[in-house]
Structure formats: C-alpha cells, structure tokens
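Here we start with a single chain on its own, the form predicted on its own, put down as structure tokens.
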C-alpha cells in the first residue's frame, strides 16, 4: 500500500467564477508543487476542459479524474466523476440539455474559456454555466450511478449550494460514495454538526478557483493512483482507506 494525496475539486478557467490563470498545465504544476498525486477536474455543469487536463497531467505524472460539478434544480452542488471520458461526455450532453438557454454575461460573471493541454485558449463556451439545471438531486444520483460514476455531494458544510443547508439531510435515494467538506472545517466537526453523514466516508477538497487554493486536503491509502483503486479505498477494502486532512484554513 502507498499513501497518495488528492484534491478532487478543482475548477479550470472554463468556470466563469474561476480565474483565467486556471489553465490545465498551470493547475498540474501547482498540484505537483503541493505534492498531489490525484486531482479531480470538476467545472460547473461542463467537462469541456477535462481531456486537456488529463493530457497535461499524464505528461507530469499526475492522475486526473474527470468530472462535472452539477447544480441541481434545488441549487445543490454535486460532484460527479466517471472512469472514462466517453461516459463523462455522455453525461455532459444530459447536463447541457437540462441547462436553461441563457448566454453567459462575461462582464458580470467572467469568461468561460476552452483550452488545450498547453494552456492555449481554443474558444469560449456560450451557454451560462452557473445556472441550475432542471435535474433533481435524486435524479443526478440515480443517473450517475447508472452510468458507472461517483456521486459526491459538494462542500456540505457551506451555507449555500449545499445538500445539508438546502435539503437538511442526505436523501436515502442519493446513495453517495462519500461526502465532501470544505477546507474551512474538520471531519470531526462536520460529523458532530451533521448527523445524516454518519457512516459515510468524508473527503476534503479545495474547490479551487485560483492556483493558490490548490492543496493536499485528502490522503488515500491504496495500491496505485487509479479509478479502480479509488473505488476500493472509498469502500475501505483490503486495508485501503480515505481520510480528510484536518487542516482548517
């Protein structure tokens, strides 16, 4: 077994609320500097920059898990990850179809930049990504599991866009693989505050929108940095484990 460090909630410059410095190669460079072995790319309601991040990560020995941070009809943020980009883009098509046809206002919200693995801008996404989809929390959980993905309610301790704050509990039908807490709390504090997460694995992530926010907030004990091993660690199989680092920022 080997100890790996992860940050599974990082935005690229595709998310309009993220800084334009969040290019795939810059993210990988920052991740390496922080000692990260695994990162999750999870832009708002889109996965358009995932392939570029995977390619940039492969060149530097950083494993990139591709995903989307979906905003549900209840204004809840849910991280959704998949083992292959084909399935991820199939899910992206469904997310896009559930978004309202609203054009992004760059002056108000920021640009939505499409990039290649070298950090070059290849275009901009027109559809506004910070809107809520028409998908419910229950539907997201059910559909992502059908597609073989992971369901992780994001930053459950926050006062906005949080499963706990908006719904008050973790629905039995959601069946998340774990829950995410923000860098602003500890796992012990979260367990005390939110009884509905008892028994669920907890991860901590940066939710980075700028390079300085990327850090090693979760440690994973497993054989290798892979999707299959991550699944086993989340299930605590064969001595594998996953643990948030209780560094409160």
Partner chain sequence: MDRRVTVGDIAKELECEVVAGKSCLDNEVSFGYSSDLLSDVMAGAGPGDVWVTVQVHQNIIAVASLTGISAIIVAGGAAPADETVLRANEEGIPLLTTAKPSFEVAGRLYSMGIRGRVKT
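Positions refer to the first chain, counted from 1. Note that the structure is predicted; figures quoted are calculated from it, not measured.
Just so it is clear, the following notes concern the form predicted together with the partner chain, a form of the same protein that is not shown.
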{"item": "Residues 106, 113 and 209 all lining the partner chain in the predicted complex, heavy atom within 4.5 Å", "value": "no"}
{"item": "Of 131, 177, 98, 167, the one that lies within 4.5 Å of the partner chain in the predicted complex (heavy atoms)", "value": "167"}
{"item": "Sole residue of 88, 151, 154, 137 within 4.5 Å of the partner chain in the predicted complex, by heavy atom", "value": "137"}
{"item": "Exercise: residue 74 in contact with the partner chain in the predicted complex, heavy atom 4.5 Å", "value": "yes"}
{"item": "The partner chain contact in the predicted complex: residue 119, any heavy atom under 4.5 Å", "value": "no"}
{"item": "Partner proximity in the predicted complex: residue 83 to the partner chain, non-hydrogen atom cutoff 4.5 Å", "value": "no"}
{"item": "Exercise: residue 146 in contact with the partner chain in the predicted complex, heavy atom 4.5 Å", "value": "no"}
